[in-house]
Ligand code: NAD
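The chain below stands alone and is given in structure tokens; this is the form predicted alone.
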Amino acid sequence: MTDKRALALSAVAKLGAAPLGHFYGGVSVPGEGTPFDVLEPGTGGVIGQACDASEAQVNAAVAAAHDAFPAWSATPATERRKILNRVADLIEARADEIAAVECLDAGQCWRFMSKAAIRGAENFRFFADRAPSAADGQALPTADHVNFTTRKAIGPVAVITPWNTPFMLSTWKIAPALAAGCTVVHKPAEWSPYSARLLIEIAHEAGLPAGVFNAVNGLGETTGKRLTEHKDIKAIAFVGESSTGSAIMRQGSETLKRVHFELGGKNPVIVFDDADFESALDAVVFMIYSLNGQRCTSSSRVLIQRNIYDRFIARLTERVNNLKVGDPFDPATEVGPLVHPRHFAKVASFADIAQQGGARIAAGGAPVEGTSGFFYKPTLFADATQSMRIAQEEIFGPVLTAIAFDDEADAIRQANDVEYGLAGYVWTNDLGRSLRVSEALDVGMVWVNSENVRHLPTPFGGVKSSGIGRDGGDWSFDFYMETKNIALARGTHSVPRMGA
């Protein structure tokens, strides 16, 4: 057993006897609902169990958030800033422990997760420092009135996060909600619940008042549904599959809940013949095979200009076959296991779909032999067309689909020919082309001559089936807060008279 795996198992053991329960009202609460196994993707073994929350427990968690909201929203923003910065301090102090747990129950590689906790701390610091200005508005004067806007926290919110990078994505949603003055009920993904439990315990150790941040474990169709339908939850922030987002929107519609969705993607990376060939190759490989291909912003389609297609595919195939697949705790590992046998089966099914559609499997396309974990070979489907299922459907694994294009117009047409619109990547040394293509792509975010590099003040989100709303900077506060306009008359306008 590696030291890192031992650290992860020790951290999980400290969370209490199985099954893992919930945390609300400032205390750990045993589970009452049906227990379910939490698996270790790297070995296929059972780490432990978590409990589906009962209806009464979901109600209790929401009640805790509801009761804590008035005092937390009225807490001076400077005090909220101090507490959230202490959360960041404790995250940094326990960064190795958090990273190890992510390797254990999410199967993510140490080389990436060693930075994930630090990013989580950065999220808390960024929004903590913005808390004092969160309520600020605008001055909008007219000749007869002075209008000004202000914002206030919307109320208790539900945050539902995915299994792929659970800790960092939890901080990305929860930090701005707390900074805005909202209280939170968090439901982490059932496949990777442990690092989320670390986060809430860290937050309370940092001094977060009881009931401000609560967490319930469980399945989407039970715990998740109870949470999204609850009348006292004012907004839902969700990261996950597009079909689940549609279900959550229906569930929240009866109570007119505000929703923020970061959903699926089938993101194109377009490589023109004048691009920096080696840098583009590096970015293409990194953006689909890092994080085991399980990332919403992965460049899962590579569109290559036809006159460099064969050369690019040859080099790409060589790189894919050279990727180091193995133990996620090994710092040298580049691609780890898929998160769960059900997801593994989905990803693996696309090899037959690719061949039946007429594509060529240039690399991978099969499970890794000799392991009990959920390992799938990094895969490259070459000579695909945009009409194929492998070019249309989100696979969400270490699988890349390669398509040739003729010219700028053809690249744009094929890039936009999907139901998703999260991110796009453009590689060219022609400045005018980079601007034209970036503006034409039907996506929420574009990176030119770069992989995905997040800058926290910028908006993050997608269009079409990839989501609703934006995270980052002030956009996060727009979601978690209500805006009010106040108009003050100067006493210079005539009030209309009726019935005088």
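One rule holds for the numbers: they count along the sequence shown, beginning at 1. The structure presented is a predicted model; accordingly, all values stated were derived computationally and were not measured.
Below: the form predicted together with the ligand, not depicted.
The closest non-hydrogen atom of Tyr309 lies beyond 4.5 Å of the ligand in the model of the complex. Although the partner is absent from this view, Val269 stays clear of the ligand in the model of the complex, with no non-hydrogen atom inside 4.5 angstroms. Contact annotation: Ile412 falls outside 4.5 Å of the ligand in the model of the complex, judged by heavy atom distances.
Residue contact check for Lys225: one or more of its heavy atoms lie within 4.5 Å of the ligand in the model of the complex.
Proximity to the ligand in the model of the complex, defined as a heavy atom within 4.5 Å, singles out one entry of Leu169, Leu303, Val212, Ile288, which is Leu169. Residue-level contacts in the model of the complex: of Asn164, Ser299, Thr183, Asn123, one residue has a heavy atom within 4.5 Å of the ligand, and it is Asn164. Note on the interface: of 324-332, 392-400, 378-386, 89-97, the segment with non-hydrogen atoms within 4.5 angstroms of the ligand in the model of the complex is 392-400. Residues of 243-274 placing a heavy atom within 4.5 Å of the ligand in the model of the complex, in sequence order: Thr244, Ala247, Ile248, Gln251, Glu262, Leu263, Gly264, Gly265.
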